[in-house]
Each structure stands twice: as C-alpha cells, then as structure tokens.
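This document contains two forms of one protein chain, each encoded as structure tokens and listed individually as structure 1 and structure 2.
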Structure 1
C-alpha cells in the first residue's frame, strides 16, 4: 500500500544530515546514536481499563530493566501518557507524543477506538508503533502500515478460537453480548465465523455503549432467547461486573467468551466466574521456563499475578529489542529495523510467536476453564492462528 504523507520527522532528520557539511557527519551520527531512544507509552492509566494499561507498562519496564536499561546499545527513556480509553482524544494524545515529545517509538494502546486515532497519526508521521493490546482488525488488515506491528491479537483471533471450539462440539445456536464498539463487534464476527465453520450460528447480538455497565436490560432478554450458549466480550472492570451479574441473575445458559472476560479479573469475580470457558492466547498452567521466569519476575516487581496484558507488553518490548539489536540501535536504518521485526520468531510467556505478513502476531489460542481463581488451559482451540490480514498490502 502506498500512503501519501508529509515527510516524516525521521525523514526531516535525514534531510538535515544530508544538507550538513560532510565532515561533521560522523560526530552528528555519534551524538544521535548516544542519545536515549524515546519510547512513548500511550495507555489507559485510569478508567475501566486502568489495570490493563498498568500491567502493560510494568512489563515493558521489566524487559528493559532485564536488558540493563538499553536496547540495541541505546538507553531507553519512557514517556507515559494516560489516554483514559477516550477515543475522542486519541489523535490529539498521539500527536502530543509524536510531535511535542518527539518520541522515536510509540507503544500503545488498549482500546480499539483510541488505537484508530493513534493509527491515523502514525501512518502520517511514519513513527514506529507497537500495539500491546487493542485488537482493531483494520490495523493489520486494510489499514496496515509498514511502521506498525502488533504483539497482542486482532479482535478476530481469540473469539474465533472460542467459536471454533463450540462449533466442533456441536453447538448450533449462540448469542453474543458485548459493548457496542470495534472490539465487541469484531470479536463477535470472529466468534460467528468460528461457529459457522462447523454449522453453528449466532442468532442474536445484544449490546450496550462502552463503557456502560447497565447490564440488567440485556440479561433480562437472555431467558427468552433460544440459544445453547452466550458468548461475550467484556474486559477489565466491566467484565468483573458482567460476570457477577450474570451469575446473580441465575441464568441457565452457560456463559463463555474471548478470554478477556476472565483475564486479570478472577479474584474480583470470585465464585461467579467458576466454570466459565474462554479462549485466549494465554492461560494458567503454561508450563515453560520462559513463562515461569516471567511470572516470578512480574510478581516480584508488582506484587501482582501476571496476565495476558503483562505478556503483551513484555512482548512489545521483546519485539522492539529484536529490531534495535539487529540495527545496533540505529533507528535511521528503517529497512533493517522493520525487516528484523517482521522476521522475528521469539519465545513469549504464551509460547512460541512469530509475525504474519501483515505484522500481526501469530500464536496458539488456548481453550481455558475458570477453576478456583485460575484460567486453566484445557486444550488448544486453534494452533498458530494468524489473522487473515484481509486487504493488507505491504
């Protein structure tokens, strides 16, 4: 895809160098290489997704500290900005980081609507961006860009795994309940496509506005629906409340969903979450040296249990490290940097991961069951699942 855009900040730097006297080049280059790389962490540190943003930020810091504070030989300076999961402020916040704070790299964000604002800005400026959560499909589909990578998931992926697992089991009719915004809708599509592959259907979708939590009118409709299961996308504080109210309503239809429904929330959901099946690219009981070390280190740093958000943040920093190590910290070598990141295959706490041609992470989607405060992995819903990347030409 060709994107018409004004000359990037990086391009302007390059242009400036080209105009300067040749004799000053090595010194200028040496100075540029010695300065810290500025990494913007645009995440929600308040609101319903606050804990998600915090865990991502903690894990980014953790990986950088493990590397001695430097990636590719360059010190890393983090610049944090609370995006509050407010899509209306997305473009302006991204511009503040890219233009005012002049970050070299942007890691962000959690909410799909805010991501679209970031995406608009970074497609124009060419800023290297790594998405550590928000699943908005367009980012690695029709609006993909060579400077944008994602280490989390596309909204389609986890819910698709859930739909496949139910379909295989013979489920014919399901409902989908969610917030009415990109993540809820696109997860619903993934769920529907998974079910349909095995002859099942989504017969009803119920929604409410993000981040509202007035679930009662939706729950009241469920007994009247002729469905075998209710699939759902909610996350963070909203997921805690939804799962508790679903249980309190005494509904007989089993609740399931993309794994965010019970991720990082089980303690708060308590008994209400017991037995809920979900699909996600992480879970409890992934028995690997990498995962154990990661979980121990995260706990030691934060006194919190690691969750998928922490994994995604850690992997955003791992991917950046791979790119910067390949070009020895020389951000001007864009071709070398992006090539290394596209080819990256690395060990994540979630298991082995690689990048698809549309620069989306490829990973296993695990089937999990909530049991006594853990999202126990009980199977693999989809192995090495890549987003279709529809419409992406890089």
Structure 2
C-alpha cells in the first residue's frame, strides 16, 4: 500500500533551514544535536490498564538509564500523556503529542482501539512510532507504515502458537470462546489456523458482546459440542470470572487459550486456574542471564515483579536505541534509522527477537501451564513466530 503523506515535521524544519543563509548557520544536524530527542509515552496511567501503562513506562526509563540517559549520543526527554484507554480521544491525544509537544518519537499504546486513533495520526505525519502492547493485526498488515514498528505481539500470534501446540498433540476438534470484538476474532483466527496445520479444526465458536460477562449460556453449550479442548481469549476481570465459572461448572473438557487468559490474573483466579495451558511470548521461569538481570533491575526500580508489559516496553526502548545508535542520533537520516530498526536482532528478556518485513516482532511463543500462582514455561509452542503481515506493502 502506497500512502501519500504530508511532509514530516523534520522535513519541514530541514527545508526551512535550507532556504536560509546556510553558509552562515550551523548544519541542521548540529542544531538538532543541541537538543534532546523528545519521546512521547502515550499510555494509560489511570483506570483499568494503569498498571500496564506504568510498567511499560518504567521499563522504557530503565533502558534509557542503562544507556546513561542518552540514545545515539542524544539526551532523551520523555513526554507522558495519559490516554485513559479511551478510543474516542486517541486521535486528538496523538495530535497533541505530535503537533503541540513536537515529539520526535511516539511510544504507544495498550488499548487497540486507542492505537487505531494513534495510527491514523502517525501515518499522516510520518512520526516514528513503536507499539509496546496493542495487538490489532491491521497495524502491521493492511495498514502498515514504514514509520511504525511493534515490539509486543499481533493478536494472531499467541493463539496461533496455542493452536499449533494442540495440533502437534493430535487434537482434532476444538471450540473457541471469546468476546465478540476484534481481539477475540483475530486471536480466534490464529488459533484456528494453528490447529488446522496439523489436521485439527474449530467446530464451534461461541461469543458474547464485549464487555459482558454472562458466561452461563456459553458454558451450558460446551458439553454438547463433542470437542477435545476449549480455547479462549479473555483478559483482565473478564478472564478471572470466566475461569472461575468454567471450573465451577464442572466441565471435563480442558480449557486453554491465548496467554492473556491467565496473564496478571492468576492470583485472582486462584485454584480455578490450576493446570490451564496458555501460549504467550513471555512466562515465569525463562532461565537466561538477560531475563534474570531484567527482573532484578525492574524489581529494584519499582518494587514490582516484571511482567510481559514491562518486557514489551523495555524492548520498545531497545529497538529505538538500536536505530538511533546506527545513525548516531541523526533523526534526519530516516532511511538509515528505519533500515537499522528493520534489521534489528537483539536479546530480550523473552529470548531472541527480530523484526519481520512488516515491522512486527518475531519471537518465540512459549507454552505455559498455570501452577501454584505461576505461568510456568513448559515448552516452546512456536519458535521464532512471525505474523504473516497479510496485505502489508512497504
């Protein structure tokens, strides 16, 4: 997809300087070097997703501190904006950061609905953007853009890994249960495609309107479906209630799903979650020097345990650092900056990470089992899994 965009803010600045008395002024790059690079953190700092946004921001700050406060030789100035997880405010908040606050880079956000508002603005302005959580497939598929990278996941990836793991085991018939919205649908597609690769199939999809939690009519249908497993996508409070009610219903069909079913919810789910398998790009017990050091540093900084959201924020900053270091902080060198980011291969707390041609993260999807309050990694469901990037033309 070819997109006609207005000249970027950096292009306008560069062009304006070129019209002046260039011989009597410092170079554009020299002028730029005199100021910090402004990085906007458009994340939820209040409401249901506040902890997620905070952990992403803490991890970004941590990486910058590890680099001595500079990336590519340039000091970094962070500009924080609470997006409140309100999609209707997404475009105006993104414009505020890009146009009023004149950020050079935007890192955001958690909620996919808000992300689509950000995406509209940054595609039009050409602002370098790194997505640290929101998984909407379109961001790196049909609506991909050369200035947008994602270091978290696509909605398709974790559930696809779960489907692959079940298919390899010989599962032939499964059901999928979720909310009727984009994340649930896109996760379901990944699950189905993974299962089908080994001859299995999803025989029934059960949905209810987001964010309703009247699960009983769905649970009542499961015994009559004649399936070997039930896959699901729920998150947050909805996931807590679904898992508890599934257990209380006495259903004999094993429950599994995208990792967000039990990510950050195990304590509230309690014994009801015990034994549930999920697939995600991070989990408890990844034994590596990088992960151990990261978790120790994050705990020291925040008095919190690191989670997948912190990892994603840290990697957003790692990717930015790789790009800026390649061009020595020269943001005017967009070609060099983006080339370095696309080619990036680096060590993450989650394991080895690289970028796909659609600028989506490529990573391992781990198989996890809920055991005594931990999402214990028990294997790799899919190694170096790339989103297909369907419809992306860069």
Ligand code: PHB
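In this text, rigid core is short for the largest set of C-alphas that superpose within 1.5 Å between two forms. Residue numbers count along the first chain shown, from 1. Worth saying up front: this structure is predicted, and the values here are computed from it rather than measured.
Remark: structure 1 matches the stated condition (the form predicted together with P-hydroxybenzoic acid). Residue 166: CA moves 2 Å or more between the two structures after rigid-core fitting. Superposition of the core reveals a Cα shift of 2 Å or more for residue 197 between the two structures. Core-aligned CA deviation for residue 236 between the two structures: 2 Å or greater. For residue 256, the Cα deviation between the two structures after core superposition amounts to 2.6 Å.
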